[in-house]
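Here's a solo chain for you in structure tokens, the form predicted alone.
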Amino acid sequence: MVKTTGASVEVRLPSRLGFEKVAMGTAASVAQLMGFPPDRIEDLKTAVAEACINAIEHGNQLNEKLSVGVILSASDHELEVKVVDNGAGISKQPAKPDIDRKMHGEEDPRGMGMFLIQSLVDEAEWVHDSKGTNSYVRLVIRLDKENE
């Protein structure tokens, strides 16, 4: 384990699908340096990828002139990840999807990303600025999940 307290890493990604893998790799590297176990790193990678894809598709509307910012901030016991886009954000926290209805084709199978993110990290928060010009998702994953 490497001392990472106070470390911050920022990555700028083009709004092009596929670049979420750069954010996944960066988040995994920081988490590994912090001493996260492999299963938690996989959870983090999936959550970061989903957040980046949402930012690219929904926040920046696949506009390649806009970028997605990924800011990772390490402390003693947790890693915070902010994924920032140029969208207006969502008006409320996501509702839990009806997985049975989606599985039976009664609802659009898409739209489970936010629920997935919430289930993989310890905290997930969707925020937008008052001007409606930027929004971000804030993810927190704790090193010692059992001691919460």
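Predicted model only: the values in this text are computed from it and were never measured. Numbering starts at 1 and runs along the sequence shown.
Unshown form predicted together with another copy of the chain; subsequent notes refer to it.
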Every residue of Arg16, Phe19 and Val30 near another copy of the chain in the predicted bound form, heavy atom within 4.5 Å: yes
Heavy atom of Val140 within 4.5 Å of another copy of the chain in the predicted bound form: no
Contact label in the predicted bound form: Glu10 to another copy of the chain, heavy atom within 4.5 Å: yes
Quick one: is Asn60 in contact with another copy of the chain in the predicted bound form, heavy atoms, 4.5 Å cut-off? no
Evaluate Asn86 for contact with another copy of the chain in the predicted bound form, applying a 4.5 angstroms cut-off between non-hydrogen atoms, and reply yes or no. no
